[in-house]
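Only one chain is given next, in structure tokens, and it is the form predicted on its own.
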């Protein structure tokens, strides 16, 4: 399996290297689908210029990345292209190793349930086989490396690629069962973009499973482990924030980074839902609706944790998708990360659901560049189109997952009490 992965990495690196040297690099970096006010490379360059002049990069309204990012590129600016290619490769390798380990856990669990006779007798076609699971890690890695969204983010030098790498290592550490590393990488991901805070719940649920600790509110072991993981996470986050303060000798980065994410002052068009809504909003009502929109990202965590507490990795996949859809400044790099996990759930196709393809941005966007003139009707149509397709895609996967789990225990061919065929309805 190592040889195909290495070959895929070489192809991916070659494609990126060629695009870096082509005239398309400048065009891609200006696309608002790829670069947002939060992670655009030209804003990082401007922040570095201010830093070199002895001026705080957060003194204006240009730079909104974290201090660790600006100090990283302060030393590696000459090798920025190499840095972004390496981050993509590291992300793919981390996802490969994570899915490889997860598949081993899934297969052991499935084998145990079959031995205990927990599955219905007519669900043989829903049982996953070692052969079909063998190539899934490679597919996940290649889905990320060769996804046009990932390639465009890398060529545009969007710092979203670095965020994806951190999240990938967090997933790897979680699946490996490392409480400390999982908490550290989750704290770094939260420090970078705030929204990964919602990944705390699926990570905790998976780690509890690894420790064979039941999820019961009256369980002493449950609260002890939860407190331990939360303490490690919060301590790591505090250390990173304090390190940022010592680097800058100022707390200016907090309102400039996290205040910018939460208050959404820059309404540059993007693939998210915030910009158009607040561009048309009266100033008097904006604070209330900003709170409503931001809560929307975190709102689904508790009901999903209750419904999917036995399936935390699928919960994590859904949560990544929710973040990419409802965050304030999304880009296609965010979409690429959760789309890489689609091969992991390829067995859900047997449950007969419809897949809506969100990978093609149709209709064509007339506002794809930051300096183009456009009309509101096309902007909002394009935005809603992409968001709607992503919501339909994730809803279909969620429904198919629940349907398969029900079939495994109750049988594939459902009947009513009178012997007639029954239909499964999700409420």
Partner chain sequence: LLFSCLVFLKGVGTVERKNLSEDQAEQFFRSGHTNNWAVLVCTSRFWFNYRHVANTLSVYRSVKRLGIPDSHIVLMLADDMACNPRNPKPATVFSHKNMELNVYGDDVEVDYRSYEVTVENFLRVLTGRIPPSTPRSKRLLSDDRSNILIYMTGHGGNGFLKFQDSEEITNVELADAFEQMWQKRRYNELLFIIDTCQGASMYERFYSPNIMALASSQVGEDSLSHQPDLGIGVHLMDRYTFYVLEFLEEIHPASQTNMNDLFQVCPRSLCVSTPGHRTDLFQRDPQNVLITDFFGSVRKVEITTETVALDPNLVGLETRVPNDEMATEPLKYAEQLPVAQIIHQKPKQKDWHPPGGFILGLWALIIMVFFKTYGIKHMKYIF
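Note that the structure is a prediction, hence the values are computed from the model and not measured. Residue numbers count along the first chain shown, from 1.
The form predicted in complex with its partner chain is left out here; the points below concern that form.
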Per-stretch contact check against its partner chain in the predicted complex, the hit in 298-306, 274-282, 177-185, 205-213 (non-hydrogen atom, 4.5 angstroms):
177-185
Partner contact for residue 231 in the predicted complex: its partner chain, 4.5 angstroms, heavy atom
no
Decide whether residue 68 counts as a contact residue for its partner chain in the predicted complex under a heavy atom distance cut-off of 4.5 Å.
yes
So in the predicted complex, does any heavy atom of residue 243 sit within 4.5 Å of its partner chain?
yes
Even though its partner chain is not shown here, does residue 51 get within 4.5 Å of it in the predicted complex, heavy atoms only?
yes
May I ask you to choose, among 264, 133, 248, 93, the residue with a heavy atom within 4.5 Å of its partner chain in the predicted complex?
248
So its partner chain isn't shown here. In the predicted complex, which residue out of 112, 287, 146, 239 has a non-hydrogen atom within 4.5 Å of it?
239
Contact check, 73-106 vs its partner chain in the predicted complex, heavy atom within 4.5 Å, ordered by sequence, gives 74, 75
